[in-house]
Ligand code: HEC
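The form predicted alone is given below as one chain in structure tokens.
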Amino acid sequence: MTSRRQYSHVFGLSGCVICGISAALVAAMLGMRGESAPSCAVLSEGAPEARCRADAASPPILPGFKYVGVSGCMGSGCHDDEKPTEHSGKLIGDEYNIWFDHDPHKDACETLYDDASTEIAGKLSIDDAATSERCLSCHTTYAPEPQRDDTFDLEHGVGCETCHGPGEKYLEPHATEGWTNEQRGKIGATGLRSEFGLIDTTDLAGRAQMCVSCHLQIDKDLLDAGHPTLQFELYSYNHYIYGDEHGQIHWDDSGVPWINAKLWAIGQAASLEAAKAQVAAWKGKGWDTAAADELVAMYEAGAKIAAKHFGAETPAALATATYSAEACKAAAAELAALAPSASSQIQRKNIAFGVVALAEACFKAGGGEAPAAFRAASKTATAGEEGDAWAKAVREMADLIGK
């Protein structure tokens, strides 16, 4: 079984790269939200418990439960052991350590204290980015004060409960061997969320929708004030390999059939939904939507390819769709054919990582690894730099699938 301490596998290589995550990368990955855009984040099953904020999309905050903070995940036999042990069929134990040492989400709040954030806040008449709800809603686990346990601390950044839900009700029982799997079988993801506040992150569609709420949607006035442009592609972000500096994941999806193809396809569909919501929000404020429209067009192209080859259009449907090596190869070829139309680094990287994800799925299904020529081409392609070398590398990757 693959250890959760292992680094994400990139292009068939078990790469082990531990890098410090710079404030600039965190700022680019974790966007500050707007104050009055109409959209809100919901999980894939449309949980009524998700708190719909009046501002732009942000991760769901579940009412009726206390948020205990990251310290609740520590302790003997919990998530800060040095060596992972098997629990309920999975290796657990060092997730907190990985998050603390190698996950950019941990430092998301610190970004709000740097000079760039101070300058952005000043342009928007925000007194202090580090205390502004507009900024904290994505740079921290922003639970309302009445839902904060004594151990909760905003300074911990984007902590465990942002993705896994408030720990008050599930903290003790989920430590029992087999409890989560048993409850998942009895009451499903919806029941886990409504009865215990536990968000089931094995739901890939729900995972994608949580990610895009902070990693894709942003108000235009923030961008105009100097906030880094948000970029998102689920496969590469799920493995923390999108930017120049790589983090370390604390989960292991390697046993999920066709995982990389699913991450790409689900990510394109979820990103398209979020991009369309962003256009509507910008229009509602009278902003020029040209940049937002470009994102819609980009994700629409990817989502159409996913629907054509995997027979589903929504994130939830793509999570249960049928995948095959033949379909993945055909989808990669069609995606690579979009290379000549790519006019920005965001578009180039979205195409490149999509081809890599689909290729990885094919190589894994065939029981082999990516050939050296593919790895060389992928290095050039995923950098997303303008020029003929990039387009050539994308074509080479697609042509090498199955060889």
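For every residue, the number given is its place in the sequence shown, counted from 1. Keep in mind the model is a prediction, meaning the values are calculated, not measured.
This next part talks about the form predicted together with the named molecule, which is not shown.
Taking the partner from elsewhere, no residue among R193, F310 and A327 has a non-hydrogen atom within 4.5 angstroms of the named molecule in the predicted bound form. Stretch 111-119 is the contacting one of 285-293, 144-152, 300-308, 111-119, since its residues have non-hydrogen atoms within 4.5 Å of the named molecule in the predicted bound form.
Just one of V158, A275, A281, L198 comes within 4.5 Å of the named molecule in the predicted bound form, counting any heavy atom, and that one is V158. Between the named molecule and the residues T131, T202, T85, S88, the one pair within 4.5 Å by heavy atoms in the predicted bound form involves T202. In the predicted bound form, the named molecule sits within 4.5 Å of a heavy atom belonging to I92. The closest non-hydrogen atom of C214 lies within 4.5 Å of the named molecule in the predicted bound form. Contact annotation for W179: none of its heavy atoms lies within 4.5 Å of the named molecule in the predicted bound form. In the predicted bound form, the named molecule sits beyond 4.5 Å of every heavy atom of N260.
If you take 215-232 and check each residue for a heavy atom within 4.5 Å of the named molecule in the predicted bound form, you get H215, Q217, I218, L222, H227, P228, L230, Q231, F232, in sequence order.
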